[in-house]
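Next up is one chain by itself, shown in structure tokens, the form predicted alone.
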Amino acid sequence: MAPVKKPVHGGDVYAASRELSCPLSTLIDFSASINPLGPSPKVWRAITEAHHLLPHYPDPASWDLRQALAARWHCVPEQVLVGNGSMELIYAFPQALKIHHLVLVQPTFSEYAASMARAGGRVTSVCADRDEQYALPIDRLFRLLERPPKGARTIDAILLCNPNSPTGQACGADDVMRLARAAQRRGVWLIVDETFADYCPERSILPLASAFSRVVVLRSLTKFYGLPGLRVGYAVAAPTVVQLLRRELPPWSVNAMGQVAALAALHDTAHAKKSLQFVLKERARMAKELAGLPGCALFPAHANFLFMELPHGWHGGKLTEQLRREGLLIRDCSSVPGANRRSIRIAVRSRENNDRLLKSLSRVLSESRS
């Protein structure tokens, strides 16, 4: 097997700080899609008040947090597994669920394929069509399950990122449920990564996931709740599936402050509502401005970021480097399978930060035309 190229992610402000010889505080990171309003004020208070937990190991069961998540999704704690970010759970799936052949929709998050490569498994890609604005091809996935090609190797699982990263496209809950029923009939796992579903809750199947024995829904507390530095994610599935996944996790993988912060964030519904309203309004404003840039193509967005293509003749990597020198970090998607060399992704941040990026982006693209 050929060596797997290490995935490149956004959010590495530390490397940018070293490279540019500037403090972290001077960088504006549009490459990681984190809540622009930051964590709830209740998170800061909860962490401060939990200092007495530092001399102790964290709760290996994440009991209080699992209780809160179970109450949120109207299931039992035995159906919830908390991990060190959703990444830890992604890497547990192949071994825990005995997945040897995974189907992915491309372009999508690179770690899904990386986790399979690490486990020695195989990935089949179903590419979303650029001419259809990268809409998730649910019908093609459904047909693949119902009528697999003759001689094709057995599919063990389908992983669907909904809303998808980096494209921002999402399909409706009814379509995902149709796929879930088909997967259940065929004995195939359906893993739905809903990391960004807080921005379009009507498209989530999480409230219904526990009714299926072959469905796992993955969520993150990193993006919407603004906790990337504490690494907390979770999965909701049938109790027997949760047990299989738990066996693959190391003990004490979720630290005490992460558990405390996540619990406080979940309880602050006012901050969550404010965050959602802000992102939806600011995303629409940014989308209008970006769509007006000559030669650029913008795609539908259901998350807290925007996926776009630069004018012909541009390369995502070139623009990323130019803006980086100004302390503006965006996500270069030119090397993402299924995208093209002009593709970039931009997170929604504060209005002030967004205006600075829009101004710089307009200037750089205008200079190239002249």
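All values reported here derive from a predicted model rather than from experimental measurement. Start at 1 and count along the sequence shown; that's the residue number.
What comes next is about the form predicted together with a small molecule, which is not displayed.
By the 4.5 Å heavy atom rule, the three marked residues Y112, S165 and T222 all count as contacting the small molecule in the model of the complex.
Among heavy atoms of D193, some come within 4.5 Å of the small molecule in the model of the complex.
None of the heavy atoms of R122 is located within 4.5 Å of the small molecule in the model of the complex. Put simply, S86 is close to the small molecule in the model of the complex: some heavy atom of it is within 4.5 Å.
When contacts are judged by a 4.5 Å heavy atom cut-off, A128 does not count as touching the small molecule in the model of the complex. Heavy atoms within 4.5 Å of the small molecule in the model of the complex are found in one stretch of 209-217, 95-103, 222-230, 71-79, which is 222-230.
This chain lacks the partner; the member of I158, I205, V279, C161 within 4.5 angstroms of the small molecule in the model of the complex by a non-hydrogen atom is C161. Out of the listed residues C171, A197, A180, I90, I90 is the one that sits within 4.5 Å of the small molecule in the model of the complex by at least one heavy atom.
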